[in-house]
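In the block that follows, a single chain appears as structure tokens, in the form predicted alone.
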């Protein structure tokens, strides 16, 4: 997520004077009752976890039309985009988790060294306990429900905090959770700064935060007070490198789709393009054709093109549009929170557009002479959440993958790497820590407990004093 998205719940200023003692007491009571519920052992059995995940799936299916309407109200999201990137995404994750959970919860047998024989060793996956999930606004349903699936699959209780910047979706999710789960097990708390502040002052057993790098630092600092482990899903400027010799039509189509999905408000959207100078004009022309194919001659009239989440975000984005840089688009309407898909060129590395993640429908196009130049420039900047390379040159592919650090990405596509449960999704460095999706979600919300089992029928005296010289010789031979 962008450091400039500035959700109210993420602006963790000191609690406002309007915050009442009763609200703080209520949150403290919720955490306490969830810990009591967890300690009772009710959340641990596989059958219980499966039943709760099935209940969540049924609830999402019942609320599907309300969720779509809420996303339309908050963003202007089309029914297709709301389902494909939010509702269907979560349902697919649920199906995958329910299918594989019985094998995931089984202890993992591992080898036992010779020096510890006879014996057996295993890794036992146990839940952390009471977890906190703080969700952002850009995919408000998916980015709250997806980590919640992992928390419940691992056997935890959960307090979830949706974003108030998407109030319609927040209300629906809170109602869905209230009508599906015992509040001692899962609770959704709406509100702004004061709620987030009180929540982060509580002692949770795990915190999962999705948002900006700036606020991620605050969350980590708060968690450190209680030595609470965290997953931070943050963001950064994700480059899209176009190599020489690629077919521009399909390249442009995949870049345009990934960039302007949700009006560019996607944490893994291509943030800027790097293209050889001799290909720049052709690539921009091809992207212009794709935009017309996708959204028509006036994207404002397209039912498939979303809106900016609020006026503050709109103002930040439009302040970066300089007319002399607009190669395509640039039109905007504050009342509608509409910004047209905008391609910007010429742009260089020192341009203000390159100072922060854009998190909107602005796409700068920069040029490069060699991949060495690209590598040097990207290495000099914070490590991105995603990286995309369009190239049919195997040596170039390996060069980029081996020499650049990034959370995840695609070769010859954009964004879709996060839509599979078989790949971990997460950042590196300032773009985040930890990962989730599929089994990785289950593992994120599980403590790996090491366990060795021995027998009492036989005991090797080698380890016990006294230690004559022959014992040291044996140990040296075994422990090479």
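Residue numbers count along the first chain shown, from 1. All values derive from a computational prediction rather than experimental measurement.
Quick note: we don't show the form predicted together with a small molecule, though the next part is all about it.
Asks: If you check in the predicted bound form, is residue 136 within 4.5 Å of the small molecule, heavy atoms only?
Replies: Result yes; residue 136 sits at the interface with the small molecule in the predicted bound form.
Asks: Is residue 193 a contact residue for the small molecule in the predicted bound form, using a 4.5 Å heavy atom cut-off?
Replies: So residue 193 counts as contacting the small molecule.
Asks: Any chance residue 164 has a heavy atom within 4.5 Å of the small molecule in the predicted bound form?
Replies: Residue 164: yes, in contact with the small molecule in the predicted bound form.
Asks: Answer with yes or no whether residue 147 is in contact with the small molecule in the predicted bound form, where contact means some heavy atom within 4.5 Å.
Replies: Close contact is absent here: in the predicted bound form, residue 147 is far from the small molecule, nothing within 4.5 Å, heavy atoms only.
Asks: With the partner removed from view, which of 185-193, 370-378, 148-156, 295-303 is the stretch that lies within 4.5 Å of the small molecule in the predicted bound form, judged by heavy atom distances?
Replies: Contact criterion met by 185-193 only.
Asks: Considering 71, 267, 263, 273, which brings a non-hydrogen atom within 4.5 Å of the small molecule in the predicted bound form?
Replies: Spelling it out, the residue with a heavy atom inside the cut-off is 267.
Asks: Quick one: from 252, 400, 240, 143, grab the residue that has a heavy atom within 4.5 Å of the small molecule in the predicted bound form.
Replies: Flagged contact: 143.
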